[in-house]
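Just one chain follows, in the form predicted on its own, and it is written as structure tokens.
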């Protein structure tokens, strides 16, 4: 039998291969997909869907995925994505690029005002961000986009948002009661065990330089270069970022700073950094804040009371 490679044979064979690929990769998965909603699935509101349309129109899917695999580690990785999470999505915005963080569980990770500042100019909240600013959308559309982002994670996101809202009223009340009350309230909400822990790393030129670099990369947009809470994000955040200088005269242990940097302050725009910064980096930036803005330190494992205030 002749096996001559005629143009007709090449075209027929290529089409057959293409059909097989499309069938295996597109039609078969579509026909056998599980359309059972997952335990976190819920329908979106009209405002959330309007925000989703803005998300698509502005190309957010090109940089942000919405799917966590078992091999992933990072933002949102506390839950592995399931097909039932996406049963109402047309199109499904899984994304393939992680130029920015994965957003599949972003809802409730930050309060709304953090997102407002972030969308207006991402450098306000993340000084090293390469995300473009979206101030041109105007606040009405930024609020709709925020509603969509806060819905990501479904019922789990709703639970995190309820947690944010619960603490928002308390953080605001503490701030409005005045700086003395606010400083005490923030310290009192750190577990007692952590309040008694001194910074285990001694103060050094290199350690302070590392802490300063971390502060510039993660903290400066909210707390400002001089630590007074008047960074570029401040106009969109309430209560405003903490003015570290109100802590002068109070004994603020390295453990207090470490705990708050590690876990954030729910209800405020202060996020947690436990998934981004290794332990020593958190100690370093805490020591930098203590030395630079509060004029005290307990670095090296020596408590202030034990060192005679030196």
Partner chain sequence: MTGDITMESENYMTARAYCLTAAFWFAVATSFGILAASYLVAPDFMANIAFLEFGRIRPIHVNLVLFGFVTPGLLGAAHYLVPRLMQTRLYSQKLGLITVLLWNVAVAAGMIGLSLGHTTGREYAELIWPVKILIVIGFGLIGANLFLTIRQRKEPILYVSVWYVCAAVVMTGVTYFIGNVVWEPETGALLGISDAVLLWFYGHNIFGLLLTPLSLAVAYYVIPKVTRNPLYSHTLSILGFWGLLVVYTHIGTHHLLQVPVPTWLKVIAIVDSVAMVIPVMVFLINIWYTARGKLGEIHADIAGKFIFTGTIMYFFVSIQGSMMALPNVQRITHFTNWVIGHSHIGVLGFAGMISLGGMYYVLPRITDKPLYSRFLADLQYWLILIGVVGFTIVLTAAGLIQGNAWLNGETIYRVLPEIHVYYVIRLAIGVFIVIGAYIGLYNVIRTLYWNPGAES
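Positions refer to the first chain, counted from 1. As the structure is a computational prediction, the values presented were derived from the model and not from experiment. Here, rigid core means the biggest group of C-alpha atoms that superpose within 1.5 Å across both forms.
One more form of this protein should be noted, the form predicted together with the partner chain, which is absent from this view; the next part is about it.
- Residue 272 falls outside the set of residues with a heavy atom inside 4.5 Å of the partner chain in the predicted complex.
- Contact annotation for residue 276: at least one heavy atom lies within 4.5 Å of the partner chain in the predicted complex.
- Using a 4.5 angstroms threshold between heavy atoms, residue 14 counts as touching the partner chain in the predicted complex.
- Using a 4.5 angstroms threshold between heavy atoms, residue 166 stays clear of the partner chain in the predicted complex.
- Note on the interface: of 167-175, 235-243, 222-230, 81-89, the segment with non-hydrogen atoms within 4.5 angstroms of the partner chain in the predicted complex is 81-89.
- The putative spot formed by 162, 191 and 206 is not touched by the partner chain in the predicted complex; no residue has a non-hydrogen atom within 4.5 angstroms of it.
- Proximity to the partner chain in the predicted complex, defined as a heavy atom within 4.5 Å, holds among 126, 143, 195, 210 only for 126.
- Residues of 63-97 that come within 4.5 Å of the partner chain in the predicted complex, judged by any heavy atom, are 63, 65, 67, 69, 71, 73, 74, 81, 82, 83, 86, 87, 88, 89, 90, 91, 92, 93, 94, 95, 96, 97 in sequence order.
- The two forms, fitted on the rigid core, differ between this form and the one not shown by less than 2 Å at the CA of residue 46.
- After superposition on the rigid core, displacement of the C-alpha of residue 14 between this form and the one not shown amounts to 2 Å or more.
- Annotation: Cα of residue 62 displaced by less than 2 Å between this form and the one not shown, core superposition.
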